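Just one chain is shown here, as structure tokens, and it is the form predicted alone.
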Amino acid sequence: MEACNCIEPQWPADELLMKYQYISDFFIALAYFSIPLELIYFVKKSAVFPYRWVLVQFGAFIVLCGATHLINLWTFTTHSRTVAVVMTTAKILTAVVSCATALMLVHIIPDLLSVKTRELFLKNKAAELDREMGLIRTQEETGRHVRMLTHEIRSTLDRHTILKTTLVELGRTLSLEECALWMPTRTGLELQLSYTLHHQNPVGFTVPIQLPMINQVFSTNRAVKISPSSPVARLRPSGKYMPGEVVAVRVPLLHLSNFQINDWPELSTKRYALMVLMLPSDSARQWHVHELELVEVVADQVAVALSHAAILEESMRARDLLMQQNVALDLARREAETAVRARNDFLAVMNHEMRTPMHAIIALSSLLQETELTPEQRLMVETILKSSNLLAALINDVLDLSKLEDGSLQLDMGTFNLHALFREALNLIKPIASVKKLSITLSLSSDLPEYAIGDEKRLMQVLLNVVGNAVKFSKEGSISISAFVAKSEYLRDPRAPEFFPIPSDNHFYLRIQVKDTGLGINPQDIPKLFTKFAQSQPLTTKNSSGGGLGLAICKRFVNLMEGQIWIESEGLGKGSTAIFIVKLGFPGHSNESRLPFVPKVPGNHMPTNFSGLKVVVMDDNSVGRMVTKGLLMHLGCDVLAVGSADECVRVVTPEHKVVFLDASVPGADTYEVAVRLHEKFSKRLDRPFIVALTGNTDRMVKENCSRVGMDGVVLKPISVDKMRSVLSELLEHGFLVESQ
């Protein structure tokens, strides 16, 4: 009998139990073999898993376990020794791998626990990040609402629209049941319900401003939760409901009392309005932090918008007031312009009306003076002439002062002989001084230019006025006149700090001093001398004459010539010194138009008779026409007098040498005659000299006369000597160097 290598079962096998074990081992082996496949798939897909080698080892352990159960299927029947060896080998390998895996798990489990801890930490961080993101989204939403509300609030600068828009937009954004605004009354002792969202309560209801709840809200710039039963929160009709939460916030009010420079805008005692916001009733909703922040920001924006509206309202009121003032100023300006025009028209008419009779008086008196008269008659005629000349000077002063005051007087700049001007002034004053037995001396410095550019007529007027005053108020003694180019140390006067001359190569400053030994002046009375229509005592004596305009006009003329005038005196009986400085130009350096200097013919060298000189006189005034004709006939002229422009143009022939045209009242006729005469006599040698006779001292008259081609302008009144000088200058030079 052959030997058997099979292992006998240790106990009898129940066939049914064996069958179940057999099936179970099969499925266990199948399951063990499927798990490694899943692990391999997991390892392949999980590239970042840190324990891949552990999974491989665990997979090998499972495969060996599965192989053990699979081999075990053959042990339920008679099996060979080979099966037993394989089974033993598989179990040994399974034991080795399982032990190695267990040891590995001892090291891996702490790492896995730390990974779990980090996972929990990351989950917590993720939750916090979610909360922060939610807060950021809430803040962004709040900011969006704030921008939207700010845009709506600031879209207008009307105070009522701003407040109403605020309530509407807050109610819509926060889903409020009611929103109201309490404004302080004028007394500041109460708050008045001024605006509501749904108009559930009548506007005008008031509450005391000193309530503790109101003081609490006004003491902070944060939104404060208040009781729904407080007086300012009773805005809903009573009913059975659970009131919603209520918050209140203050709204600063800017009060503009006026526009000030140093502290603008002016803040009065701080005043606040109260904004009350209510959540819906019977609702579990509560105020969130971001909603309260939204309310606070909106309150600040409303305060800013209200301040802008207040500034705009004040600006509108100021603009309206300014417009009213501008209208009043414009009306006053028009009235002033009308008054100036009326005054100028009046002065022009009065100038003509006064100079016309003065022309007749002086002309006829001068004619009468040259006739055979008794000493008594000659004295009366000379008195008439002196009084007439004084009246004429007063008329000139009044007209000059009027032009100086309205700024219409302009200097007539030209080149003149400065030395000759002083000699001429001395010759005019000497006869008067000799009567009073006063000695007059003239001192001109060696560096004084012979020629200068300036207004010769106005400079002569100032000089004669100042020297005339010295003669007038000196009973005995002497008068000295000195003139020199002012140096820097002589330019400034401490009594006139506003006078600040600036030396230049194009001009110089002429300083003139007139010193007398007359009555003298009290130092405190000196400022009165330059006031119009005022005379200082005791200068106003029964022997003095004048209207009190001389020095006032002199000061204006000197100021026009960019100079300064003042008077020095140590007191009564000690004489006085008049000093004035004027600015003159150098002829070689100035840009002023230079007229050729022509020396005036002295009176004793002028021809006394113009026999046979044919002259035409045009004057619409019969008296003026007769007077001018008489003067010319007295000088031996053959005179033809006409009263109209057409007649003048018609009668003038080449035989006539001079044509006098009256232009006392400016009009088109005088200038038209000059133009027509130029057209009639195209050749210069055939055309007569055309001279205007006028009582108007306006510079425009002279410019118009020059523009239409006249050869000169003579100012009325005219004496025999003046007419003789005019004719001599015309015949010698062919034109009048200046207005006579």
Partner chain sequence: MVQAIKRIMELNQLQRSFLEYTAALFREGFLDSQFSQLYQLQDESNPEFVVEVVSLFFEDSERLINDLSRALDQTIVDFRKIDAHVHQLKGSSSSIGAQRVKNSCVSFRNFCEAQNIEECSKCLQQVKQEYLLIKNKLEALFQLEKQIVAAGGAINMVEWML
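Treat the numbers as computed from the prediction; the structure is a model and nothing was measured. Positions refer to the first chain, counted from 1.
There is another form of this protein, the form predicted in complex with its partner chain, and it is not shown here; the text below is about that form.
**Student:** Please identify the residue among 621, 461, 72, 369 with any heavy atom within 4.5 Å of its partner chain in the predicted complex.
**Tutor:** The residue in contact is 621.
**Student:** Pick from 556, 634, 511, 515: which residue has any heavy atom within 4.5 angstroms of its partner chain in the predicted complex?
**Tutor:** Contact residue from the list: 634.
**Student:** Heavy atoms within 4.5 Å of its partner chain in the predicted complex: which stretch in 623-631, 328-336, 355-363, 311-319 meets that?
**Tutor:** Looking at the other structure, the answer is 623-631.
**Student:** Hey, in the predicted complex, does residue 719 get a heavy atom within 4.5 angstroms of its partner chain?
**Tutor:** Residue 719 belongs to the contact set for its partner chain.
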